[in-house]
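This document opens with one chain alone, in structure tokens, the form predicted on its own.
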């Protein structure tokens, strides 16, 4: 039995959601929409510091089918968890602590702020994006419902404007002060490309990522911590303090010489600043080595990113440190690091495809023995961002 997870493909997701829609609403959906999760090859905790990141959409999706309805309600049926939510569009939209509907309400609220009336509709969704794994299932959910709204309004949005709308939804209704990377990757992703996203001016370039021999492995540690519990916000606040000490408008412009010259006596603040500065240097180096397909050098940069995230930014955890350490011991792995905001979630590996199963099996056994936890493993290629199409 393979350790690598082979999840539902898009055809299977459409079958599941179509059947669920018909069962729940006794009618036919008119459209389908696929909204992917995202990975980030390198560059964490730099997006809110105006840095550059290298994300990509992945081959795991929140898939939905939908159709307009009468009245003032949006009804969403989750076929995976067999539960429904109803949002009354005639009432003021307010977040409720702990509800996944907050992500949807937040998107609707952003449209309403622009004076746009949300059309009533029914939807059935199903997700194979791991939740809490640092793969941006929240951004995928936001992008899916923003796409439904623009489709029903027959008014397509600029992709970056849609990403910014979804980001505001997460800020205001989920309480997570995320940067723009997650939403941008989910919405602007392209097949077999990474996105070079400049978080200062929001410019985007595509960086080809194709290799016959290498792939990207995601390992969900199954250790999940809420980013909204304050730790993510604390890292952002620390970076803002360092920025102000250095007298800069952004840590994007800082150098290690400037940081050292500032003689910051708070070791925590110093290390937070060090992470951002050195991580941005690693990202810029990664872009250059990708231009010449130097994947060995890319792997070394990925390793360096993990060590910085673990020791300077302090957003890793024992489980992710263990997984990435085990990965680096295998000759089939060129680089391994934690991915996402931290405090649990997933690791990303640059791995030789012909050794991927052996890598996964070795890590799986060691991880179960050490922590009595069963991780999830899958390979992916960079994928297309959120897409919508009519059903015939």
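These numbers come from a predicted model, not from an experiment. Residue numbers count along the first chain shown, from 1.
This next part talks about the form predicted in complex with alpha-D-galactopyranose, which is not shown.
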Selected contact from 181, 320, 302, 144, since only one has a non-hydrogen atom within 4.5 angstroms of alpha-D-galactopyranose in the model of the complex: 181
Distance check, residue 232 to alpha-D-galactopyranose in the model of the complex, heavy atom within 4.5 Å: yes
In the model of the complex, residue 345 touching alpha-D-galactopyranose (heavy atom, 4.5 Å): no
In the model of the complex, residue 340 touching alpha-D-galactopyranose (heavy atom, 4.5 Å): yes
Residue 60, heavy atom within 4.5 angstroms of alpha-D-galactopyranose in the model of the complex: no
alpha-D-galactopyranose in the model of the complex: contacting segment from 111-119, 294-302, 172-180, 256-264, heavy atom within 4.5 Å: 172-180
Within 4.5 Å of alpha-D-galactopyranose in the model of the complex: residues from 112-128 (heavy atom criterion): none
